[in-house]
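The chain below stands alone and is given in structure tokens; this is the form predicted on its own.
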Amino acid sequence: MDDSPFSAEMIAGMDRLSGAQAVVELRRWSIDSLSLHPGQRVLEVGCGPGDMSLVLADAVGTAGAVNGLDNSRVMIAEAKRRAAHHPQVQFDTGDAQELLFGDSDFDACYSERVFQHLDAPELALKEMLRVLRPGGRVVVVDTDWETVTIDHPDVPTTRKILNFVTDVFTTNGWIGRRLPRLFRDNGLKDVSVTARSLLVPEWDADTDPSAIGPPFFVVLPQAQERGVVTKSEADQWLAELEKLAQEDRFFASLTMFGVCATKPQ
């Protein structure tokens, strides 16, 4: 993100996704599941531009505190700008797999669409549990990239591209389905699971280069470099997808999972 010339476009894409019904519902479920109260302290791991941190701040009130953490300086700068009128929110750069907080510092921990990018998501969860007090609640929301669907007449090429996104491009493409097991393997109590499907019935290629998931201008060149598709196949596939969108015949979807649990006393 920090070295990308497209950081503004990426933030804009995250903002669009934040307004999607599936994300809105998952965030509402997360707030309800965390059972937050005024005066509590909450950690968000991978806060991005900080929108959800502000929602968490509203839940704990001015007597509470929210710490947002992200490894991107660009994201943290944007988050600080958006939180100018929320003095109870603090943002810092840091590593999700090595949190710079003390044991049992937080009443609740939250992370959304971050574990898919981590080399060791199981370590990130252990770190979240370390800084969570006994009896505290933890929620992790993430995508399972093999649930992505894109309606395209070229089925073989579509399968190759989507499998590349799941197996190579994304560090942990199956993390959505893995989350319940990770929670149970760490001895958490009261594990609950939910899911929402993000439906994308239209796409404007001029304003959103990704359509769904990572941007095509990033994915397709890497797929070509790995020999997954040729340049001709990639160009033709994208052109046909854009044509479908222009004709109002586009459809895609993906499924995101949320898992909540309690740290044993």
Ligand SMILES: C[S@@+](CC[C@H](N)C(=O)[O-])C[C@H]1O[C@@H](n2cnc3c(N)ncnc32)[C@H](O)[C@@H]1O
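As the structure is a prediction and not an experimental result, all values here were calculated from the model. All residue numbers refer to positions in the sequence shown, first residue = 1.
Although not depicted, the form predicted in complex with the named molecule is the subject of the following passage.
Contact annotation: D95 falls within 4.5 Å of the named molecule in the predicted complex, judged by heavy atom distances.
Heavy atoms of C47 reach within 4.5 Å of the named molecule in the predicted complex, making it an interface residue. Although the partner is absent here, L118 lies within 4.5 Å of the named molecule in the predicted complex, judged by heavy atoms. Interface membership of Q88, defined by any non-hydrogen atom within 4.5 Å of the named molecule in the predicted complex, is ruled out. Only one of the listed residues (T166, S104, N71, T158) places a non-hydrogen atom within 4.5 angstroms of the named molecule in the predicted complex, and that residue is N71. Contact annotation: of the candidates E78, E112, E127, D144, the single residue with a non-hydrogen atom within 4.5 angstroms of the named molecule in the predicted complex is E112. Here the chain stands alone, but in the predicted complex its contact with the named molecule, taken as any heavy atom within 4.5 Å, falls in 47-55 among 33-41, 231-239, 47-55, 212-220.
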